[in-house]
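In C-alpha cells, one chain follows: the form predicted on its own.
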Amino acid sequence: MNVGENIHPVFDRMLGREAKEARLGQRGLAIWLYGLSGSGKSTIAIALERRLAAEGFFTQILDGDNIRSGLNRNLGFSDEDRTENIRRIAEVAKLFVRAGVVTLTSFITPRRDLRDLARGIIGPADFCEVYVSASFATCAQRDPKGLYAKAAGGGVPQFTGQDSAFEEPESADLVIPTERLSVDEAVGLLHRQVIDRIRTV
C-alpha cells in the first residue's frame, strides 16, 4: 500500500503565516547555530533569546541535547541518524517559523550537506546560517559537559572532530569566533545580523 495515497494535507485551509506574524508583530526566522560541542552555541542562543524576549519578540530555542532527550531519542550518531536528526528538527523549525516565531537552533550540524538539507527544508529566505567557531583544542579545554575527556578514553563513539569529521563552512551568513569574543560581544554581533530580518517595520 502506498501510504502517500492516504495523506491529504489541508495547509490551504489553515490560518496563514501573514496573520500569525501580524498578531505577533514580528517575522519568523530560523537562526541556525552550529559548531563543535563546547563552541558556545547553546550559550549564545540562550543569551540572544533573553535579549530578544526583553525587546518584545516571541522566540523558541531548539537545542541538540534537549531534542535528543525527547523527539529524537531513538537516534544515534551514524551518518544516517545525523541526517534524520537534522531533517526532523528542520521540519519542526519550519513549523515554528511559519507561525511567526523567531526560532534559534543549536546543533553541531557537522557536514555541509546537513546544513544544505536544513536550509532546503526551512527555505533560504527564512534561514540564517551562523557558524559558532572554536578550535577542537579550545573546545576540549572548555569541555563543559565532560565529553572530550570521555571521548579521549573511547567513551563517546563517533565524536565530532575526533572520530567523525566536522566540515568548515564555505559560506555562512555569520561566523562568530568565540575564542576572541565574549558572550556579550557574540550576542551583540548576532543581534545586529538578525534584527532587521525579524522586525516588521
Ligand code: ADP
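Computed from a prediction, not measured in an experiment: that's the story for all the values here. From 1 onward, residues are counted along the sequence shown.
What follows is about the form predicted together with this ligand, which we do not show.
Option from 66-74, 165-173, 23-31, 43-51 whose residues, in the predicted bound form, bring a heavy atom within 4.5 Å of this ligand
Every other range fails; the passing one is 43-51.
Taking this ligand in the predicted bound form, would 103, 123 and 198 all count as contacting it (heavy atom within 4.5 Å)? Not one of the three qualifies.
In the predicted bound form, is there a heavy atom of this ligand that lies within 4.5 Å of any heavy atom of residue 183, even though the partner is absent here? Answer yes; at least one heavy atom of residue 183 falls within 4.5 Å of this ligand in the predicted bound form.
Does the 4.5 Å heavy atom contact test between residue 145 and this ligand in the predicted bound form come out positive? Heavy-atom contact with this ligand at 4.5 Å: present for residue 145.
- Item | Any non-hydrogen atom of residue 36 within 4.5 angstroms of this ligand in the predicted bound form | Yes - in the predicted bound form, heavy atoms of residue 36 and this ligand come within 4.5 Å of each other.
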